[in-house]
Structure formats: structure tokens, C-alpha cells
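Shown next as C-alpha cells: one chain only, the form predicted on its own.
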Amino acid sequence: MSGFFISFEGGEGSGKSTQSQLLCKAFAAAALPYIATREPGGSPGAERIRQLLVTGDADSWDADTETLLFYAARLDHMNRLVRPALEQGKHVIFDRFADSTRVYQGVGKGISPNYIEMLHHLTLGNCMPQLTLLFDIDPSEGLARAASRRGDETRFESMDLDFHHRIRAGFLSIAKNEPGRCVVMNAVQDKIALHKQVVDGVNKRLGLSLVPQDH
């Protein structure tokens, strides 16, 4: 039996990483097999590519090269970690997946959606999550949150505010067009209240019986 493939998406500072970690705790409490991973990254090769993508100046890469680097990392990640886990019946919880490329490089940087779709099909076929949880937040608030935990992975955060407004609109457009896969979450609320909504959404969409965790 294959495991479920769940992705968490959203703009900078939307809380998706925190919420994905809380969902992992709910899976662990239910004794369900899972792995947690992230993009770009997740496999040794993809983590090396991650450093090229998320550090340095905003203009370190042109949009075309950036898109190819994301898909190189994604293909290695899928082949080495994700597909074997799903085939073993493990549930895989992603902090970002292909929707981020569709939005950041497509909507944000002007790469043709047809080109991204073709690249996705050539590398991953029809592989997409069964459920995508989208954390929506005003970009100004999200960037302020992100700044409070700033490390060296600030390349995308450093892009101008108009870029981040395009990102938000792009994610909401995907959710509107793909309601069977996507659930939009209001990210501006207490993290435990938001976690309960995440668990409720996962249970309803995937037929599970997870219990929210309070820490």
C-alpha cells in the first residue's frame, strides 16, 4: 500500500514549517509511519543544490537556471528518498514541493507555466501530492516574521515586496483552480488553533483519525 503525499506551501514567514512539524507529531502519536522532508533539499545531493538556491544575492541566478536547479534537486530527492518511502507505505510530509516552483519561478519571475508543466512531466510524470495545505498571510507580516528568525537562507526573502504579493496571488490562484487537492489556511492565528485546523483538514481529506497535539 502506498503512503499519502502531503505538501505544505505558503509565502515567507507563513508558519508552514512549524505546522508541518506539528503534523508530524500527530502522525507519531498515532503510530503511523511517516517521513518529514523539505524542498529544495531532502536528499544529500538536493541539499547541496539547496545551498546554491537559498543563499547569496537575489540575482545570483536567472529565472531559467533557477528553475532547472529546483527540478534537478527535486528529481534527486524523489528518486532517492520520496518514492521508496511511499512504496513502503510511509506517509511523506513535504515542506514545499512543485507548487512553489509554479509560483516563485512562474508567477514571481515570469517563467512560462507551460514550460514548468513540461519540465515537471519530463522529470516526475504526474506525481503531485494528494493534499496540499496552503498557509496564507499578508506578505508584509510574513516577511516581518521571517526576519525575526533570519539565518543565512535569505535569498528569496530579500526580493522586493511586489514579488511577494505576486507569490501570494499565485498560491491562491492554484488553490482556487485545484480545490480537490488544496486547502487554504489562515496563517494569522494561534499556532495550536491552526494546527487543529490542519489536523481536521488532513483527517477529512485523507480519511485518517489523527489527534491534535498541544505542544
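Small disclaimer: the values here were computed from a predicted structure and weren't measured. We number the residues from 1 along the sequence you see.
Absent from the display: the form predicted together with ligand TMP. The rest refers to it.
Note that among 75 to 83, 133 to 141, 118 to 126, 104 to 112, the stretch whose heavy atoms approach ligand TMP to within 4.5 Å in the model of the complex is 104 to 112. The listed set I35, L32, A63, V54 contains one residue whose heavy atoms approach ligand TMP in the model of the complex to within 4.5 Å, identified as V54. The shortest heavy atom separation between R96 and ligand TMP in the model of the complex is within 4.5 Å.
The shortest heavy atom separation between R166 and ligand TMP in the model of the complex exceeds 4.5 Å. Contact check for F70: a heavy atom falls within 4.5 Å of ligand TMP in the model of the complex. Ligand TMP is not drawn, but in the model of the complex it has no heavy atom within 4.5 Å of H195.
In the model of the complex, ligand TMP lies within 4.5 angstroms of at least one heavy atom of each of the following residues of 28 to 47: E39, P40, in sequence order.
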